[in-house]
Each structure stands twice: as structure tokens, then as C-alpha cells.
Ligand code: CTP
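Shown next as C-alpha cells: one chain only, the form predicted alone.
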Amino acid sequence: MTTLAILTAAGSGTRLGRDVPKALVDLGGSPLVLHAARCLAASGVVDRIVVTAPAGLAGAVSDVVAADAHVACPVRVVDGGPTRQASVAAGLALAGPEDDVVLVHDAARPLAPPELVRRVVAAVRAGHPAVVPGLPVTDTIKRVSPAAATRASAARPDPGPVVERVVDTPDRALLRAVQTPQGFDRALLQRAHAAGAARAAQEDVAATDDAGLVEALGEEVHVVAGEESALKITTERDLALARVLLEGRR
């Protein structure tokens, strides 16, 4: 049996303020998507990679990833969808019966180390059909009621700063900041995407991660230890930190 990795790279990355999609933003001389693909391939437990590219850029992404000497496994690039969920579904459509494990990884986490990939795959193959990496939360987290803040602000001609009411304070010992790659039994992930397909077209209702679709089925999701280096690049500050981490590896 084999492991298929779906590498989502179709995001626009508007918060980075670049004129290219986020996956093609440079990090240390190579685009983010190539770093992510190299980490997947270097794990030694990924047999194939499907990259979901921004619409119309499948050829450009393929030129970057498929021809790279460090990505020593077959790569196929397809057009992604309007949301992350839709993009994953496009990649999942290429899974075959031989792919008993499917990883879903984000090009926006280009420095997820190979050992993290191996940890997730090992947990799935050990009998946990849905596995996500996560880090303990160190900040105190407050759950708020934003609807109350909206009503209070709207009632005043000069509302000032938005003030949100705290609902409760979750025990941070029970919280994890979830990362990718996330790993799944293929049949379970296909069932989860089929059940949630109606959400995929619109950003405001689409799932932000695949584990959420599995949870919606009432199935269990398990967490393994994440890695600090698997940070998500969203802003220029994140990109600067990734450069520092990359230089440290070199």
C-alpha cells in the first residue's frame, strides 16, 4: 500500500501583498511550494505528490516542482479550487485504491520537517484513521461573543474601539495549535469530503482543515506532537522568521 500527499498551493496570499500567489513566493532562493514538496519527498514515506495550483498556473508550478532533483517521487500538478477544501477535493479525486494513507499539507508551511511527516504517517498506519500534528498553546485564550460587541457598537453614534465580551477561558492545557501535514485513512477522508461537499464552494463556510470534515462525521481525530518549524506563512513577519529558520538549517 502507498501514501499519497496532497500539497495545497492554490491560495492567493493576499496578506503577503505580493504580485504572485503565495506558493510561488521566494524563500531562500526557492518558492515555498518547492520547499514543502522537498520536505514531503525527503521523509521517505510519501510515494506520490499531487499539487493543487492556482487556476491557470499548473504548468508553472509543475516546472518548479516536478523537475526538481530533490523531489524524488512522482508529482502531478492540477488546478485547485476556489477554497482550500475544494482544492483538497481536486487532489483527492486522483487517489487510487492503492493509496491507503493520504496526507494533506499546505505549501504555506514550507519548513515542516521530514520527521514530522513520518510521525503523522506512522500514527495513521498504527491504527488512527485521522491524525493531526499540534503544538501546546502557551497563551491564555479567551472565547468571546462578537455578536454582542456588534450590537453595542451599532447603538452608539461614536462607538469607539470594538469591545468584545468574554464568554469563558478554556484550559490551555487541553488546547493544541494544529499544523499540517494531516494524515488520514483514504476511505475516511473521501467519505468526509463527500459529506461536506456542499460547503466547498464558499470561503465563509468551507472547512479550514480536513480534520474538521472528519469531526463533522462524528469520527475521532488524534493529535501527535507538532514542530515549531512547521509555522504557517501568512505575513511578512512569518516569512522573515522562516528565512531565519532556513538559514539555521543550512
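Because the structure is predicted, anything quoted here is derived from the model rather than measured. Position 1 is the first residue in the sequence shown; the rest follow in order.
There is also a form predicted together with cytidine-5'-triphosphate; it is not shown, and the following applies to it.
P82 is the sole member of P136, P82, G96, P170 with a non-hydrogen atom within 4.5 Å of cytidine-5'-triphosphate in the model of the complex. When cytidine-5'-triphosphate is considered in the model of the complex, only one residue from V75, L103, L116, A108 comes within 4.5 Å through any heavy atom, namely A108. Residue contact with cytidine-5'-triphosphate in the model of the complex: R18 places no heavy atom within 4.5 Å of it.
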